[in-house]
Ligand SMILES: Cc1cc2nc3c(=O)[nH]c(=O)nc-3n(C[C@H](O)[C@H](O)[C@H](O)COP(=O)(O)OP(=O)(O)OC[C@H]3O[C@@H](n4cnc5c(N)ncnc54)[C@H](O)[C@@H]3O)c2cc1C
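Only one chain is given next, in structure tokens, and it is the form predicted on its own.
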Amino acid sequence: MGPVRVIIVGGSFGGLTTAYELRRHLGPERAEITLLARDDQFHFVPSFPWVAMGRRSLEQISFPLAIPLAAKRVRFANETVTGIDTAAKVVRTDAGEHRYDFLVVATGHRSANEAVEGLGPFDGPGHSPMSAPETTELAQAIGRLLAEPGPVVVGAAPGASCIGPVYELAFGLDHLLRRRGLRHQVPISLLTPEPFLGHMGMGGAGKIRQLLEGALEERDLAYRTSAAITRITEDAVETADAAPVPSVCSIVIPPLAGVEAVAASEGLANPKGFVPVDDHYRHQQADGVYAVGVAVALPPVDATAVPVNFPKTGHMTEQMAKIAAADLAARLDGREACSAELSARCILDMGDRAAYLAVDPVRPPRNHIPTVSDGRAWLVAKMAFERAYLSFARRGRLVPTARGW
């Protein structure tokens, strides 16, 4: 019997981690691994806010996927997936077909910008840092803001699950404007669907609420919770429950949906395009199919007045990928691997310092009291982790740390 055919769809944290972990468990004689991705570059997505603020270039946080994958004897195909037939076990792309014995869906998300009228950036005045092209466009918009100061709104739309960058962008913009001596000309408002600051889709954690409230207030950053953003115009952001907020540069995180090829594949995804899985990240019906990362269907931790979805971070994506890879390898040996509840550990950039947050598990009630700490040292740690991750990943390795990010 020849090696099993494993197809991984997606080249970001989920796909790359799965490829590295599978090759660690299974040599080339046991598994023929192919990674399909429409983008031939890996981008360190947590640094997108730094790119937007001009602190990094896109090139500094990216590298070609083909080189480290080749070193791991993983075939890379720069192709766009157009459909998946789980009955025939075939992945269709713009370049042909790939048959598989096992499939790992790590496609990430589609930004549902249509949920907020005017949320561009390419077909409306709103901005969003949810992809490399959008982040580059946002950096240009912030450059224009520095030349012609005016009010700014930073926020998240109803149903968003990526709330952390909202805080990072607000703090980062405040810090940038203060360094340029322009802060007094730029009122900044933060609008969030969260019922309270620091909810972040996981019900809050320890004293993060109080930390964020104090940090926003000392920086003169106006904020409103349970805000349902409905429309973005050239000079304002409209919400369902209050008067429009003036804004000449509106940065809004959209809700996420499953990518079109996954959403349109029969029997693969739920109505929102996300893949239902068990606690080993195996598809609940389709044989041999796994899903990791943002592509996974995860219910919210609680019901809120304005919807806030379950958070999906790079750290959690890596956990899912490791569990899925271990389970796939174990199945080939006729056994089942262990699983674990998702935890979250991240460092939130606050401009002149950073906050460290650790929760275990993500969903309350929790086994451990959440860890919340802030200071300049955490900002240094965040920058060091970025460099370490990129250095290791470029060489086909993952950072061996328990700190998370």
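Keep in mind that what you see is a predicted model, and the values were worked out from it rather than measured. The first residue of the shown sequence is 1; numbering continues from there.
Keep in mind that the form predicted in complex with the ligand is not shown, yet the notes after this line are about it.
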item: Selected contact from 106, 200, 324, 156, since only one has a non-hydrogen atom within 4.5 angstroms of the ligand in the predicted complex; value: 106
item: 315, 283, 89, 175 - the one with a heavy atom within 4.5 Å of the ligand in the predicted complex; value: 315
item: Option from 299-307, 273-281, 72-80, 175-183 whose residues, in the predicted complex, bring a heavy atom within 4.5 Å of the ligand; value: 72-80
item: Residue 68 within 4.5 Å of the ligand in the predicted complex, heavy atoms; value: no
item: Contact test in the predicted complex: residue 36 vs the ligand, heavy atoms, 4.5 Å; value: yes
item: Residue 46 within 4.5 Å of the ligand in the predicted complex, heavy atoms; value: yes
item: Non-hydrogen atom contact residue 382 with the ligand in the predicted complex at 4.5 angstroms; value: yes
item: Members of 10-29 lying within 4.5 angstroms of the ligand, judged by heavy atom, in the predicted complex; value: 10, 11, 12, 13, 14, 15
